[in-house]
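Take a look at this single chain, the form predicted on its own, given in structure tokens.
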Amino acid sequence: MTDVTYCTIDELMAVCLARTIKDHDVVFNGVAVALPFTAIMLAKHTHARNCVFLGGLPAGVDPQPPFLPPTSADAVMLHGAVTILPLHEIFDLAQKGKLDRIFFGGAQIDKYGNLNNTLIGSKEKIKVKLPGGAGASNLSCFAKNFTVWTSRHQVKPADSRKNYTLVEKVDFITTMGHVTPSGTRKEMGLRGGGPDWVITDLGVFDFTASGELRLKTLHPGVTMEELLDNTSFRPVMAEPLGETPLPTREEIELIRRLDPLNVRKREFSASQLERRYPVKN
């Protein structure tokens, strides 16, 4: 047993992501992002032992990799899997309403949970071309819910303007949230429930009944001023506004055992990883 006295932001966020998974959920994470992989495997070892993990491309069903790889196409994600599902069967599962949760990141995340991974600027004048959303546009329409996450809830100066990750309105909608210029999810006939949680390196958000982002908790040591300085709009505030519950020592030990190569840390800068958070005994 390791001597766990603190955790870092990657571990705190992995625990927050894991807590969005319920027991017996069917959960998919496809592309090469170790943080959701860590969270799903943590959930399977703690409060959601009966959830079904579809991991990697193709998807191994309940894989038991000895370590997490930097790419989702690594054969290690099929190690110990009950069976293997090709990608088209994941889409079939979602369209049948049998995919409970999926995880998506966003270069921009707006106040209705719309995600932009396509471009910064406009279609007529592209400033930055992003890699695109792969299957996220489709799966987000049908999955029962999805968890949004970002390790870059920060503002960065760029020329005469500031670049935010959490913005009032995304430059392009790659993945649909609750309200878009074309209407609500219900008005557009989308069957999936949309995003229900947003986890960032500063706090945890859910959504109001009208589909607007609502701040639920601030991570330990994060001030309201810091969060608002790094957000381009003022989100709805939960009442009461709380502090993110501390991870337990057992959770942190499990994370370090499940991801011994620390692949999850690649999402964060060196300065982010210097921040220390307490753990609960």
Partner chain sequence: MLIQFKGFVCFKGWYFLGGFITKGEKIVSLKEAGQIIQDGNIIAVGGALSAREPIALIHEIIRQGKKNLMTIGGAHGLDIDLLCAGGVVGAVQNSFVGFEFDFGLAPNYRRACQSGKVQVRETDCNFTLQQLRAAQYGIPFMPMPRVGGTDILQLHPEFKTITCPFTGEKLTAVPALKPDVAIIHGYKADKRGNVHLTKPYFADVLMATAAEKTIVTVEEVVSEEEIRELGIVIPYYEVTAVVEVPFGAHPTACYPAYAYDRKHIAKYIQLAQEGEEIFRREYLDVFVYGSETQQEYLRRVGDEEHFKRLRAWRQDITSWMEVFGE
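Residue numbers count along the first chain shown, from 1. Being a predicted model, the structure only gives us computed values, none of them experimental.
We do not show the form predicted together with the partner chain, though everything after this point is about it.
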None of L166, L202, M176, L99 but one has a heavy atom within 4.5 Å of the partner chain in the model of the complex; the exception is M176
Worksheet entry | 4.5 Å heavy atom contact, H79 to the partner chain in the model of the complex | yes
field: Non-hydrogen atom contact L261 with the partner chain in the model of the complex at 4.5 angstroms
entry: yes
Notebook entry, point to check: Should V155 be counted as a contact of the partner chain in the model of the complex, where contact means heavy atoms within 4.5 Å?
Noted result: no
F67, heavy atom within 4.5 angstroms of the partner chain in the model of the complex: yes
Contact check, 57-87 vs the partner chain in the model of the complex, heavy atom within 4.5 Å, ordered by sequence, gives L57, P58, P66, F67, P69, P70, T71, S72, A73, D74, A75, V76, L78, H79, I84, L87
